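Here you'll find one protein chain in two forms, each presented separately as structure tokens under the names structure 1 and structure 2.
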Structure 1
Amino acid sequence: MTDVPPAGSPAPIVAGLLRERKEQVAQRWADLPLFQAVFTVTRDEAVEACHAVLESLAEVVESGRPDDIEAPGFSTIRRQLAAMSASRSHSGLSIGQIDREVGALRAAPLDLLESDPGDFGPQERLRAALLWSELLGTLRVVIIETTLQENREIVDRQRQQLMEMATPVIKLWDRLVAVPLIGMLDSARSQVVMENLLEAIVEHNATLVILDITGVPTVDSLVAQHLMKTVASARLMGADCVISGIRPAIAQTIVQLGLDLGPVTTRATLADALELALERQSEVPKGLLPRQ
């Protein structure tokens, strides 16, 4: 796994720099926004995190793969810095800003090497500086990649949660369920609504469903089509639908658009729909009549 660096390689210089002067580098890094903003409790924590990152970077240098984002040392860094950059990203930083914060790590080791060059001549220091720059460039890619991945996971998770959350089916009464629809009823959402609703109809043996669209901002022909499909499939399962929560502005617009909610019973508010439902239930002796 570990390639031996070729003779005269600057790798030992850089690895030595990162290990032997880790205290000095860490002291400077700990004051940079990247570490300071994440480790808000104690500075010692930040310094400790810096030590871990420095050790991992030293390992990458020794592996001879400073330009390889798959180099083994980076996996530790991924875990460490992913948490940090995710926390920065949660506090509203763009990827560009995070990248700049990571870029700010570059200066400290180079400054130390210049101010205290030890036995190294200018030639060696230059090559060490180049290697360090290359390493940091790779580190930046690693972090951007991890941050993007992290963001993508968050977005996916939220989308899924939103879909589930925004389409609850509530059992209101014996054989009566309600679906308060919230947000735009696009094709994906309406599919989820339909599935949840049909399951709930079976589970609660429902004969009446209230679809409340108070929370649907726009009712256009596609939304209407989805609503009609939902109503039709509920009917196939033996449940009638009432659509409630059609606000006056939406009612006017639907009519002018030429949409016909047709055979579906509608009510202005959820309360009106509930009243209707209870009336119907009192007409039908509970559980005696066969479902139509």
Structure 2
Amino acid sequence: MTDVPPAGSPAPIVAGLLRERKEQVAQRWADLPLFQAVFTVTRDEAVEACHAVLESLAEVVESGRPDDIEAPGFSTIRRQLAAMSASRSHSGLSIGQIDREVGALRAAPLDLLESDPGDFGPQERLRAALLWSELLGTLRVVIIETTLQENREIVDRQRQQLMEMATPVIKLWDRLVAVPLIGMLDSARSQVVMENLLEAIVEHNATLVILDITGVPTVDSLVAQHLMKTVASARLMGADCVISGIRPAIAQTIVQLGLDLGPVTTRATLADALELALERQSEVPKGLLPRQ
């Protein structure tokens, strides 16, 4: 059930102002940085965007929930606000600067209310001004929340891209691929490793995989678990795994922790793993033949 403003509420004044003076307010807002810098194709585009925001704010006022960021009116413009805040953020503005740009929207409706108050007395105009200030404060919270969410999504995408770049799958020669792991291996990254490796096994029809952990600083039970899951996944795809880069310190850690790598083949260095791969080949791969 939709809430309604209580009797004597200034909501009708504010909603009427936002709708009846919509064109005047939109024309002023369209020249402000928040809209002007985002809608750069034509000024009419910026004015139309202002109309949409004003109509949504009027709906929020009429719902009697001017302080609720979940009010239905805000949901209709969240995508637009997200695009606007993302554009300003990509331009290098901080959240504080974006907030100040939103705060600049406050003046236009108040100026119109003061210059042409209609039949409303000073007390009614004061209450209407307070309600508009409250509504704009909520809009600022909505935009800040939207900006933070957009920034989080950007950071997540960048982190995903970095993980993929940091875990390449290299085709060494026919049916043999290698994954050089560098840095810590956590749950998120191990998932990326597994997905990239399985795709590479299918793409290259690989039957042997070398997981090189020379660049992994420490191996604990969690890292060992991730490695075993990766090995098991590769085996299900028909590829055997060799783990290389077992340094003395890592070997001692594995023994001390009582970790069981099971039937996984291990080698001290990547060179040793490559030698093993050669032994398993029925013939010398063409890629290793000297160039004429």
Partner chain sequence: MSTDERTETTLPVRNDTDLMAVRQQVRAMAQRLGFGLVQQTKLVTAASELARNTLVHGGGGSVSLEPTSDGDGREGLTLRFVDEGPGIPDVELALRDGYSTAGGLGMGLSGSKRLVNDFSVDTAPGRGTTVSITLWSPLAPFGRR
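Here, a residue number simply tells you its place in the sequence of structure 1, counted from 1. We call the rigid core the largest set of C-alpha positions that still match within 1.5 Å between the two forms. Values in this document were obtained by computation on a predicted structure and should not be read as measured data.
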| said: Of the two forms I pasted, which one is the form predicted alone: 1 or 2? | reply: 2
| Has the Cα of residue 151 moved 2 Å or more between structures 1 and 2, judged after a core fit? | no
| Core superposition between structures 1 and 2, C-alpha change of residue 224 at least 2 Å | yes
| said: Checking residue 185 here: with the core superposed, does its CA move 2 Å or more between structures 1 and 2? | reply: yes
| field | between structures 1 and 2, how far the Cα of residue 176 shifts once the core is aligned, in Å | value | 6.1
